[in-house]
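First come two forms of one protein chain, each written alone as structure tokens, so that there is a structure 1 and a structure 2.
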Structure 1
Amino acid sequence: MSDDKRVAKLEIAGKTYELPMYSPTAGPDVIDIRKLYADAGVFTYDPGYTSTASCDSTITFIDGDKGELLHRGYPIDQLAEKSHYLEVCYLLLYGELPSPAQLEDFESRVTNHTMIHEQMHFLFRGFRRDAHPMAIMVGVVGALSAFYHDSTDITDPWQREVASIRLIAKMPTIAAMAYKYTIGQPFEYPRNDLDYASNFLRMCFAVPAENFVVNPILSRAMDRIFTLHADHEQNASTSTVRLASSSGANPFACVAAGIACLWGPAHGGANQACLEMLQEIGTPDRIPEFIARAKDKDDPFRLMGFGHRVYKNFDPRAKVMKQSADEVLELLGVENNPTLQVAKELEKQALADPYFADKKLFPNVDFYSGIILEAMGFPTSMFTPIFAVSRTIGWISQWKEMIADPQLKIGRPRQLYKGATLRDYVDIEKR
């Protein structure tokens, strides 16, 4: 915490309270309200945490007005162009870009943890074949704590490190197995001679009946999608992982909680919902109908892939994703993909509409990602599992930062109570 001596003054019932203020290296100043209840007997009130900093962090910075996203200071567009996912994982986890030797060691450690305990294969058999892959991932990732007891003691830095590597390494394997299970195909084991993205594509699309060669265009696109979704400050699923971890729960169980939160259509589930919306729109001539619905206060419909709690400008990840969609679909010879044409026309019409301009609603990371994933051969049900694979490094990096913080306290928000005040029980004969 910075050693600012500035204070904010708050007057309540004629008494003035001085609250310390701190300045970040970037972003808004903060007011420390931790002693407010003890000193003034009042709570602050911020449903949805629109104005609340839950922690201090050095990992990711977002400037919503500028549409800027930095990972340890490096802008996302440079990382997407010049780096690759496992190098970004190293950067998020350890704070600096790795040397060649450090990168080689890190990639080797991840590669050698990609298999899961053979007994875990039986867990998949308990699900219906039509289970959503996210339902399977929540269950199987949580069950990792039943198999890897030697990396669940969060007080042991070495076990924290092993659990981190295991989660980064095993998430693609679990996601691919969830996919294979739902389509009735046999599981494919990871291969140590493939890079992270190629391994995942092979585990998803290879079958024992024939050799499978990963398309380098698709593995580069897959790696870029992983990079773009890696971390995003204190979003809902990351805050879920932090809150679950604050009780001392093991990292596997906490990441399972993060997966559950990410599944929601307002969060990571938006990529699936967005593509299904674009497919429902079908042709550009139906766009005005859907824009009208999105603007209608009486219609709960929202434009999926649009808007963001923090970005009040273009989501920088959406810009990279749009460029990647153009490149990948052209290289695959499907540049006239009707869904992509609808997405581009929808973006154009929405951004020209005062409703979206006034509310500063722009495409977010989920607007174009589904178009690429569909072109790669994934069903919409696999879009959010892929987001979960990528975001695991963000959850784990934020978890690691929090657990190592000497100020760590269990998260325990209060409330504005509006229920019944004290009253006596009424026997049923008298009701």
Structure 2
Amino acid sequence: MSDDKRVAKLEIAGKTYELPMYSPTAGPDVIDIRKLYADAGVFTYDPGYTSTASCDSTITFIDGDKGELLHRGYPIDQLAEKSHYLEVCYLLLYGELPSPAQLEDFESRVTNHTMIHEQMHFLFRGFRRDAHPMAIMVGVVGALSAFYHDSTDITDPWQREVASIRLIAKMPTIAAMAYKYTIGQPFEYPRNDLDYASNFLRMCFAVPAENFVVNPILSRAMDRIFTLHADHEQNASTSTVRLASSSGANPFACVAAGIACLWGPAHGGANQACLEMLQEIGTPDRIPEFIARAKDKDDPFRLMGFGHRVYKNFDPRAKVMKQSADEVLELLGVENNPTLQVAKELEKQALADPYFADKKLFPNVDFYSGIILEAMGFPTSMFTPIFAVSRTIGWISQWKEMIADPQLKIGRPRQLYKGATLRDYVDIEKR
């Protein structure tokens, strides 16, 4: 961010205030309003913080108009095609692509931390069998701080490093155990001879009674899902992690807060909502009816999986995810799946409709990821936990960056108060 001494002038009640302006390496300029309240006695008003930069960061950049997503400057489509999830984790965490030796060391450290403390198994038994896996993950991830006291001191760089590796390593194990618990199957321990994605699939689908071999195409598709969801700038759950972190909370508590935020259907639950919508449509002949409803401004129905809060063009992740969907569905022989048929025809009709083209409502990453996960055999309740596994590296990278920032302050948004003004208490017998 350049400091070029430019200022924006704001006039309030006849008095002019000068606000510093900064230019980022990419994206729009920003106006520094930190001293506005002290100098002018006013706040700015920005519900949802959609026009407010809450921090400066070097990790991820999104250009919604161009449909561009960069991790440390590298385009997401190149990373998804040429790299793999743990290499992207290294890039996000440390800022550069690793050398072969660095990558081998990093993968080894992650692999050797995939098991969870044995006593944590008892935590799962405290949940009802029909508990949502995300409810389990919120509780169990938060409880990591009760078992790993040697990595909760955020002032110690080494403990921050250990906590980072542990969270990346243990999240797939916790998610898989949450799934196994809800379906009544025994937990499968992680194996050190498998890659990250294959290990996760095995922990989810293997049973002790028979041998299980992960198909490399499914493993690659799972790895791509992880990669495409690794980080996404200052989204709701990442902002939640940063806000929790600003109070000095330990990393496990902060990530648990991020998981809770991700659970919302407008955020991490979007792919589940998309698949449920496709199932509601049911058959391709009903698509025109639902498209008409989506175009009716008086109808609350909206097409899930189309459009994006940030991207005003095609979601760059969707192109890669569509390729994975084609590969997985061909492998599994489910091209005639009714939900898939609805998805294909809906995509075709929506893209051909000027209404959606004019509003730039293109299929996003959630439109395809849910189809892939269902084809793999995951229930919709596991879609968001898988998203949480993917996004853990983004949360941790943002957390580490924030902790090391000399400008770190506890988050304290202000408000536009519209409630009652000062009034005296009325004794109960006089009300």
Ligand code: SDX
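Basically, rigid core = biggest C-alpha set you can superpose within 1.5 Å across the two forms. What you are looking at is a predicted structure, and each value in this text was computed from that prediction instead of being measured. Structure 1 provides the reference sequence; residues are numbered from 1 along it.
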property	result
Of the two forms shown alone, the one predicted together with ligand SDX	1
Core-aligned C-alpha movement of residue 352 between structures 1 and 2 reaching 2 Å	yes
Threshold 2 Å Cα movement between structures 1 and 2 for residue 363, core superposed	yes
